[in-house]
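Given next, in structure tokens, is a single chain: the form predicted alone.
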Amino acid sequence: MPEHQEKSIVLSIERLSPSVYRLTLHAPLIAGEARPGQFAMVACGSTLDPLLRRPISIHQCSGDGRLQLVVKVVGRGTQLLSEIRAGQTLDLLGPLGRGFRLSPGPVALIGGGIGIAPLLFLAQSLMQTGQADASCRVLLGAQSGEDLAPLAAGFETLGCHVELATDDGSLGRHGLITDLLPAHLPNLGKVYVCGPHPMMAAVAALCASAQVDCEVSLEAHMACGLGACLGCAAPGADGRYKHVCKHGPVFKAEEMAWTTR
């Protein structure tokens, strides 16, 4: 699948929580090619500071060329992205990487924190293609309800069965989202997960025990997004390193070595 370098126009920016923003862009080339689980490398400004683009997962796409990205402010680059305004332009490179493999039948989507963002595009595609229906389970977790509620709303609109958990108990179950998975595993054909590494490792272990297929979407620091810099290496179960930008970011869970970070 070809990637495009595209000057996208910022249509709007929403503040979803104190540190999370959603950008809606007009990027018809990338939006027209993107598949769930892929990402874009985003230039954070028009100068050489910061020099490197930031990898941001694709949150939603629409047929009219709109593309949505969810940005969590963690440093200078993402801070600059949060300060962008409607009418300005962002330089994007994408769509990049290997996305999710859509499977028919009963599935669960499990997201934690900012890892929830790419799962909405996946849920839309599963529902629109008829490969999932109201039996589609979506399990979402975050530190607080303030962080979780804005990202959960889109799944409920699609008609998915949504269950929530928060670390502080302010929304949904008080505890970890992985505590909700075991009850569903006997009825699932596949699980898709994106979120903090320990959460994904726990989900991968639960799915392996239940012999349920599992795909994980990894996050990694990367400089190029094209497989040239080799900075996004992650250990594979075969003893070889995988490069998240080129071989992923989506992998079968059994392909990865779930070492503690």
Partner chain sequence: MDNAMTIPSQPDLRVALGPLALANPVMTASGTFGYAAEFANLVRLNRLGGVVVKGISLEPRAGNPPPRIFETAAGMLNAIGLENVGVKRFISDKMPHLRTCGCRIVVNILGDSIDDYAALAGHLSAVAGIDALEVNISCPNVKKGGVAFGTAPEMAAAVTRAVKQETDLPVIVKLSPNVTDIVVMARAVAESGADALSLINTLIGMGIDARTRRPRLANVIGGLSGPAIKPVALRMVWQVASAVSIPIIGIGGIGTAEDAIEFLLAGATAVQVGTANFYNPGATEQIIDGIADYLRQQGESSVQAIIGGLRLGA
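Numbering follows the first chain given and starts at 1. Nothing here was measured: the structure is a model prediction, and the numbers come from that model.
Just so it is clear, the following notes concern the form predicted in complex with the partner chain, a form of the same protein that is not shown.
Undergrad: For the interface check, one of 63 to 71, 23 to 31, 49 to 57, 194 to 202 should have non-hydrogen atoms within 4.5 Å of the partner chain in the predicted complex; which one?
TA: That would be stretch 49 to 57.
Undergrad: Closest heavy atom of residue 207 to the partner chain in the predicted complex, within 4.5 Å or not?
TA: Flag for residue 207 set to no.
Undergrad: Can residue 236 be called a contact residue for the partner chain in the predicted complex at 4.5 Å between heavy atoms?
TA: Residue 236: no, not in contact with the partner chain in the predicted complex.
Undergrad: Is it the case that residue 222, even though its partner is missing from this view, gets within 4.5 Å of the partner chain in the predicted complex, heavy atoms only?
TA: Yes, residue 222 lies within 4.5 Å of the partner chain in the predicted complex.
Undergrad: Is residue 114 close enough to the partner chain in the predicted complex to count, meaning some heavy atom within 4.5 Å?
TA: So residue 114 does not count as contacting the partner chain.
Undergrad: Across 218 to 233, which residues bring a heavy atom to within 4.5 Å of the partner chain in the predicted complex?
TA: In sequence order, 221, 222, 223, 224, 226, 227, 228, 229, 230, 231, 233 come within 4.5 Å of the partner.
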